[in-house]
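One chain comes next, on its own, written out as structure tokens in the form predicted alone.
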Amino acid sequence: MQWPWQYDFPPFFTLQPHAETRAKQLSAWRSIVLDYYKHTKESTLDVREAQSSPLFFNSTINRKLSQEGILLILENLQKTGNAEPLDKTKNRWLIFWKSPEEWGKLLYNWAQARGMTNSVCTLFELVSGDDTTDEEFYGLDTEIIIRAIRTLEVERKAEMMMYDDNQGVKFF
């Protein structure tokens, strides 16, 4: 991943006290976090481990963002719908570089293009199947896929299915 210029600027890793500067800093961090997660196709972040991640620790300049700063960025991402805490302690977060609605639309378009409406496919087939290797959702965390399918359920375009130990989806 190509880091933006701010990533090599030591003060960027310290929360700025001036409100306007901090707003710009948070906006830059939001873009970096979303770009990083899109590039790595990861979707979960553990605040307790984040400081050792290349995202928040620039070893070249030996600077890392504080846990307070990481949490502030995550809460900022939550306000824009790009992050959601997975636990009450806000230690684990789900990161959305696309909204669940956008992922749902991609899934549904794929299902329609492949003639998969009125048939069931497993979540494994969606994220790891041979038919999806060229799709943007290939390799995506199943938690994100489930949230995307839930948005399709609201629109009555899909239904989550449970059978044996598998989860699947039926597109309509």
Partner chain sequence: MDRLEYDDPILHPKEDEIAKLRNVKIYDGDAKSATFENGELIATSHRLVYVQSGSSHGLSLRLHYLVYVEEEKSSGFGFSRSKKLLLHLSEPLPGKPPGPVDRSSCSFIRLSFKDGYDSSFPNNLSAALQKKKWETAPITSTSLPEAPPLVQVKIQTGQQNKIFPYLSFPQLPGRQLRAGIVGIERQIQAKHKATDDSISLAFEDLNKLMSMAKDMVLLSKSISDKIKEKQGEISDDETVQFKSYLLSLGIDDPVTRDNSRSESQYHQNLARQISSALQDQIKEIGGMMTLPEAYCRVNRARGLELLSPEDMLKACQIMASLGLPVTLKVFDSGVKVLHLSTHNDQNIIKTTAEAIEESGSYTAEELAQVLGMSVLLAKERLLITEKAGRACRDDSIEGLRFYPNLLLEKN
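Numbering follows the first chain given and starts at 1. Just so it is clear, the model here is predicted, and its values are computed rather than measured.
Heads up, the form predicted in complex with the partner chain isn't pictured, but that's what we're talking about next.
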Are all three of F9, H18 and T21 close to the partner chain in the predicted complex, meaning a heavy atom of each within 4.5 Å?
yes
My question is simply whether N62 lines the interface with the partner chain in the predicted complex - judged by any non-hydrogen atom within 4.5 Å.
yes
What stretch, of 99 to 107, 122 to 130, 33 to 41, 62 to 70, brings heavy atoms to within 4.5 Å of the partner chain in the predicted complex?
62 to 70
